Structures are given as structure tokens and as C-alpha cells.
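As a starting point, one isolated chain is supplied in C-alpha cells, in the form predicted alone.
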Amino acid sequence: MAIMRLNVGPIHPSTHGVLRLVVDVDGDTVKSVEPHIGFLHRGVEKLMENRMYMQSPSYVEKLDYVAPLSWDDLYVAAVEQATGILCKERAQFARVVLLEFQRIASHLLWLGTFANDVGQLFTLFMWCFRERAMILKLLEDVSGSRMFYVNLRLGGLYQDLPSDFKDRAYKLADYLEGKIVEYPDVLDENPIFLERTKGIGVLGKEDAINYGVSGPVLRASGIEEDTRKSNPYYTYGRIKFRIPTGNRGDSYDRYKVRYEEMLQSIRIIRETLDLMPDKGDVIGLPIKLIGPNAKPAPVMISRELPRGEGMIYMIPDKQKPYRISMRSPAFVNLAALPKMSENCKFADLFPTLGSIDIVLAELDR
């Protein structure tokens, strides 16, 4: 056996970011993979400990530039818990709708780039970005920004919802469902896509638990766990939706789980809009009114982000966090890559990595 060591990255098109993989191969067979991270480390947690509470949402949004609203919500919810501020009823419904649209947008970007990487399915890439653009337009009209929204305030949102918000959200949900249901006609009938995903990057149920993965990676291994169900927040406890799972834990199952999650998100959006009051204030507290009223008790909070379970542990101080630590689902999920890649072909390393759906800015922090 002659082992050759290869460096993949830190600049490589299939890593979608500055990630370095040290790969030992025997011929075309991968024997070990060692991820090297930290190329995008900016010390975000330490920066947040030196800023007042509501000066930090712009930092956390840039952790995940694919789904910035999800991290914004996680952080603002942590501050709300620390300060004892409750989110207004109608704002809770609005947050759920916006977060689920953000989840769909994140999965669409992943699916388009993943399909293009493994099968040169540029048609699907264009379809996914077409649908994603419609979501970004709605989020832009609600927040005033297309990418980084910074739209949440303690107790609600930055500004009131557009008068036609519910009508537009219903129509967008119908449009997305009509387009997304067509995707399997392209993917599930494509022999290249199937060959490069089925049986590739397998992570068994026991290994998924031992590595602590979460989100679609965990559910693809057959474990029905979703924070929105197991520890419901906002209005999730009042909504009926299904948790998609796989049974093989391979790259194909991770694709299928995310595909089904988009359809479930559309269901959540519709049910939330049905229950959402037509009247009521959604505007949160102005930043300048946030004073020294944080409780000394530590805060631990979790949310189901598009990539998995995100968590924040914060020790509050009067005007800013004394200490804050963030659990990145992308960081934990990447740790399982060596196990997924055991004895795979070198070419299969890339669909395996792509199926995890990492974001390097969140992973490195």
C-alpha cells in the first residue's frame, strides 16, 4: 500500500469557501480526511462581548450569509430571554413565516450548487436561483435589504409588515410549491446524479448520534429530531408538519430530506398565515431604548437553523454580553466528514462534502 497525501484547498471550487482538506489516498481510494479550518476566523464572539446587545445582529447575520435571518433570530431571542422581553404575538407569526422562507432560500442555493457540482445540472441550478430570487424579493420588501436584513428587534421587527404581506406570502408559497415539485423529474431521473449520490458518504444512525450532527445530516441518517418539534418556539407548537427522514444516511438521502423540508416549510408558512392575526403591532423596541435591564442568570437557547441546531450560551451583563458562545451546526457536521469518507473514491469526496452544506463563515466564526 502506497499512501499519497493530497492537499485539497484552501482555494478549491468544490469546497465553496476557504477550507483545506488533507487527504491520504491509496491509488483512488480515500484512507483518511483531515479538515483544516480557521481561514475565515474573525473572533466574532469576542467582538460581541465588547458591543452593546443590539449592536451585534449585524455580526451574527454574517456568520451565515446564505440564511442570515436565522442567526439574527437566534441571537435576538437570546437577548430577549436575558432581558425578559416577550416577542409580540403577531410578530411571532411574522418571524415564523420569514424564517421558513429563509430556510427554503438556503436549501435552494444548496441544491442548485450541489446538483451543478455532481452532475453538471445547470438547468436545475438556474431553476433554484430563479425561485430563490422571488424569496429574496419578498424579504427585501419586508426588511429593506436583499441580503443582510438586520430586521429583528427585541419584542418584534424593525418596521411594520407591508399591507399586502399575507397575500404576497400566500402567492409566493403557491408559486414555490408549483416549481419545487418539478425538481425530482430532473434529479431522480438523472443517472449521473444518482450514481454520484446513492451509497456515497454514508453516515449510519449510531455514528450520527456519536458525532453529534444535527439538521438534515442527522435526519438523513434516520433520526427524527427537529428543534421546532422537540422544543417548539414561537408558534411552531400550534402547527402540524412532518419531519422528513432518510434510511441510508447517504448523500442522496441528505438531498431528499432537504427537498422534503422545503415542501414542509411551505406547509408551515400556509398554516402560520392562516392563524396570523390581521391586526396587531409587530414593531420591537428601538435600539436606543435598550437599557441596563439584563438578568444575571446565564441564557441557553437553541433554534433549528437550515444547517442544523444552532445554540447560544450567554452570560448577560448590564449592557452587553459578559461572555457568549455559539454552537455552529456546520462546525459539528463537518467533524463527521472523515467518517463519511472512509474508503470512498477520491471523486466521491466532493459530493460527500457538498451534501453536508457547510458555510465557512459560520464554521470558523
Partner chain sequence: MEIQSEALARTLEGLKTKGFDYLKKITAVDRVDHLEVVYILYSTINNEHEIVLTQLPSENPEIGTAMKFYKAADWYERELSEMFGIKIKGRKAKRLLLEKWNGAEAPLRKSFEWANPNYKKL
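Positions refer to the first chain, counted from 1. Being a predicted model, the structure only gives us computed values, none of them experimental.
Although it is not shown, the form predicted in complex with the partner chain is what the next lines describe.
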ask   = Which among 240-248, 212-220, 259-267, 79-87 is in contact with the partner chain in the model of the complex, heavy atoms within 4.5 angstroms?
value = 212-220
query = Looking in the model of the complex, is the partner chain within 4.5 Å of a heavy atom from each of Glu34, Glu225 and Ile315?
reply = yes
ask   = Is Ser325 close enough to the partner chain in the model of the complex to count, meaning some heavy atom within 4.5 Å?
value = yes
request  = Check whether Arg51 has any heavy atom within 4.5 Å of a heavy atom of the partner chain in the model of the complex, and answer yes or no.
outcome  = yes
key: Contact test in the model of the complex: Ser302 vs the partner chain, heavy atoms, 4.5 Å   = yes
key: Contact of Phe39 with the partner chain in the model of the complex (heavy atom, 4.5 Å)   = yes
Listed residue that, although the partner chain is not shown, lies within 4.5 Å of it in the model of the complex (heavy atoms), from Gln159, Ser145, Asn231, Thr113 = Asn231
key: Any residue of 332-362 that, in the model of the complex, places a heavy atom within 4.5 Å of the partner chain   = Val332, Leu334, Ala335
